[in-house]
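What follows is one chain in structure tokens, specifically the form predicted on its own.
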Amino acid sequence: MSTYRIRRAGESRSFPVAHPFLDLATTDGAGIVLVGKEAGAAYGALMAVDDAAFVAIELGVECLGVHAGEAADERRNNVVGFARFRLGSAEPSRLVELVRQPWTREEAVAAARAAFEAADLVVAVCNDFPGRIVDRLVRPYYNAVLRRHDEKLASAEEIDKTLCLGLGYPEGPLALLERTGLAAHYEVTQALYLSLGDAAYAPARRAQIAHQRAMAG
């Protein structure tokens, strides 16, 4: 089992409440896990991390390179990024997207993977791109469904029912976004749109309105 110690740096989207992964940490673990929305800043303040088995930085939508660097004199080959997939206000899923850079040591990736899997989490390893795997694939789909609803293709109930029965989804995408927060969908898609410049990520009208209402209180 891969041992690790945890440094907290603000509120965590991946681990907002108690979890076995947090309980399994030790004070002298071989790896370092930076948890919280300020994890990237906390990484910059770390000293003597080259000997750590791995250093894992919790990410939002941003690239790992924002915090770990990409220039030759900044690179550390034991650093990875991570995030448990979480849709809006829903509970985080078991999926951990583990981010590596081209120069990340295989041993560091394996040690980080083992640490998460020991806590019954499921790990998918990906390269360093904004939004990683799930958000890159699912957000254009959610935007498309929202736009078809705006175009009055069918009612929200009929669209959700069709997708549930036709594709076997347990919950329709419109109901899912309403339940977990359209404003949260806006935040992710807007960040991806700004990073990638792809119109498929531009927030749909309903998400924009939800964001504006949230900002207005």
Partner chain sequence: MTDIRTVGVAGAGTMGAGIAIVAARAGFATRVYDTRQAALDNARAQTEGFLRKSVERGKLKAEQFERAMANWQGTTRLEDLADCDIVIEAVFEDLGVKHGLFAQLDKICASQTIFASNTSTISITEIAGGSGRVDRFVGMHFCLPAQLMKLVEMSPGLNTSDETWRRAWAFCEALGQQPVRTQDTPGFILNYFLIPYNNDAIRLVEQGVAEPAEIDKAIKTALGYPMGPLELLDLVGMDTQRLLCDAMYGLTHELRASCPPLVKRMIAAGHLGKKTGRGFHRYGDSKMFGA
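Residue numbers count along the first chain shown, from 1. Source: prediction; values computed, not measured.
Only in words, not in the display: the form predicted together with the partner chain, which the text now covers.
Looking in the predicted bound form, any heavy atom of V66 within 4.5 Å of the partner chain?
Result no; V66 lies far from the partner chain in the predicted bound form.
Do A48 and the partner chain come within 4.5 Å of each other in the predicted bound form, heavy atoms counted?
Contact with the partner chain, no.
Is G44 close enough to touch the partner chain in the predicted bound form, meaning at least one heavy atom pair within 4.5 Å?
Contact with the partner chain, no.
With the partner left out of view, is F85 within 4.5 angstroms of the partner chain in the predicted bound form by any non-hydrogen atom?
F85 belongs to the contact set for the partner chain.
Using a 4.5 Å heavy atom cut-off, indicate which stretch of 32-40, 66-74, 186-194, 154-162 touches the partner chain in the predicted bound form.
Comparing against the partner chain in the predicted bound form, the contact stretch is 154-162.
Going through 186-217 from first to last, which residues have a non-hydrogen atom within 4.5 Å of the partner chain in the predicted bound form?
Sequence-ordered list has one entry, A200.
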